[in-house]
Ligand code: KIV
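Let's start with one chain on its own, the form predicted alone, as structure tokens.
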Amino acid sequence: MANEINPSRVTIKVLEQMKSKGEKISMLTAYDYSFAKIIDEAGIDIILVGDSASNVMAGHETTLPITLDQMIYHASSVIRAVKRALVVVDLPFGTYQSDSHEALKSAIRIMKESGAHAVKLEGGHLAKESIERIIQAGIPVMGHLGLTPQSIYKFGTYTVRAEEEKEAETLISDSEMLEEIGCFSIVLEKIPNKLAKKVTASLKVPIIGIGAGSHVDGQVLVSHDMLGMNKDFSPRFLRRYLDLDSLVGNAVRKYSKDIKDGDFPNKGEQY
């Protein structure tokens, strides 16, 4: 059993130490001050301000519509709450794919305007130039391979990626390239367990999985999914730790009933 590392502030160096010591890394999404404060105080190592805010906060079908300004707003809210976790922010669709100069401008805006600690972007060799330029500017980058939600219209489905040998070989090549050019960590989404195990064992940087099995260095989930706020999303990799949909719904119904029955506010709740 590895000795637990519990630093006052999680840094990239701490994450490297956690991997080398075999301590698993915990990661969750947050998009606002209140949730971020709870998540940070609970001891999560990495908080991701994900472009999944497009889905869970704004109700869009995909992650594509969210803008850079909106990501900066969410990231700023999270940063104000966090004292321990490393805060990583997604570069949203359209802010880095066109050219590396645009990618750097987008990353700089996130870092300067939100106070975030790092950025995350999807893609392998096609995103290499953008990732290199961002890293060369001194901004830490987390990579993202496998199922890449920003490319959903290209793939046409959210099914498991890299099951075929050719795509698996590409993913391995992309992961090695991301480490080589300086990414401090890589997220692997919805790929076979054996492939994720192979990548994790071959690379020095921490590998975070979501639907990538148990052999990676850490796990990430969308907090709204993990807390049971979204009943329409039930992939195999999701474990719900709470049924917040029912708990909040019951509380709201009770509140409404108490108002209509004249029970709220009672004498002790008045001035």
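When you see a residue number, it is the position in the sequence shown, counting from 1. Just so it is clear, the model here is predicted, and its values are computed rather than measured.
Only in words, not in the display: the form predicted together with the ligand, which the text now covers.
Within 4.5 Å of the ligand in the predicted complex, a heavy atom is found for not a single one of I12, E179 and D217.
Considering the ligand in the predicted complex, the lone stretch of 45-53, 198-206, 241-249, 32-40 in range is 45-53 [heavy atom distance within 4.5 Å]. Screening H74, H117, K120, R161 for any heavy atom within 4.5 Å of the ligand in the predicted complex leaves a single hit, K120. When the ligand is considered in the predicted complex, only one residue from A127, I110, V187, V87 comes within 4.5 Å through any heavy atom, namely V187.
The shortest heavy atom separation between I210 and the ligand in the predicted complex is within 4.5 Å.
In the predicted complex, the ligand stays beyond 4.5 Å of every heavy atom belonging to I66.
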